[in-house]
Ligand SMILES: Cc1cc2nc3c(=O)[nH]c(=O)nc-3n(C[C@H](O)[C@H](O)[C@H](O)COP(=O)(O)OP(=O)(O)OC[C@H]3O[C@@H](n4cnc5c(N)ncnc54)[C@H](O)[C@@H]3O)c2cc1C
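Below, in structure tokens: the form predicted alone, a single chain.
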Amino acid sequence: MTSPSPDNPYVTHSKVYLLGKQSVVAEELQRFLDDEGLVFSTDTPVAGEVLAEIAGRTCYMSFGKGRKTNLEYLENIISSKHGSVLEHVVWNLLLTGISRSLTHELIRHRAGFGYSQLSQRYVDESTASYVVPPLYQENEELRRKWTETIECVRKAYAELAEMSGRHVKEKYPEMSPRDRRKLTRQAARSVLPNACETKIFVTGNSRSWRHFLELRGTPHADTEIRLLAVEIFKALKKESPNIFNDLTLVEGSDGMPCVSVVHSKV
């Protein structure tokens, strides 16, 4: 996949960057164990999985007892739907190559999530990229018609921004250049379509991520957000195979990948 450019500002795939994850403060964990006279060890190198196990074992003070592996422990937690334990595990993802239409759906997932999105008031969108809907990627005639429409919008935005900039400068000569740009762009952005590419930084706990994947990774979801869910699944499954152990990629009835969940609504 080639990156979008001024000559080809069209995006066909999303990108997922896993930028942040937790770490275990080993000294404090050992201090707790010593103070309580406990012995605890686990076999996973993934900090989030360790923290989820510690959280669960704290509920019953079962350190050093029962299930021996982290996978066994978390499988029991998940199959028992003791989902609150998973809320202690957090990942930070940066998502790009997605449309404003997608983020309108994404930010409906409120519980357990935090969002910081690219601002169209501060960022000049005259060179913005646009996400080609998956349906139009399948048909050359549809894509051509869609592209013609987007090109008209791109031209209209640039012209409006330029004209608005002159008007604002004349009407508010005392206004700072920064505020003039903001006033200009917040008006001009009104013509931008849902296809406009955006970037969003998302923080979510593992229970919330599981819920997102369960709802958006199915054939019933909008195609673009479904394909994003598949990419997020790949990143999180690689990062935490134990927490997402019961989630797998399968082929949907439409031939596209989707996320299958064994333990629903954890």
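Numbers follow the displayed sequence, beginning with 1. Fair warning: this is a prediction, and the values are worked out from it, not measured in the lab.
One more form of this protein should be noted, the form predicted together with this ligand, which is absent from this view; the next part is about it.
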| query | finding |
| --- | --- |
| One stretch from 133-141, 174-182, 118-126, 102-110 that, in the predicted bound form, holds residues within 4.5 Å of this ligand by heavy atom | 102-110 |
| Contact residue in the predicted bound form, chosen from V230, V46, A55, L215 - any heavy atom within 4.5 Å of this ligand | L215 |
| Contact test, all of K145, R154 and V191, partner this ligand in the predicted bound form, heavy atom 4.5 Å | no |
| This ligand contact at K238 in the predicted bound form, heavy atom, 4.5 Å | no |
| Contact label in the predicted bound form: R226 to this ligand, heavy atom within 4.5 Å | no |
| Exercise: A221 in contact with this ligand in the predicted bound form, heavy atom 4.5 Å | yes |
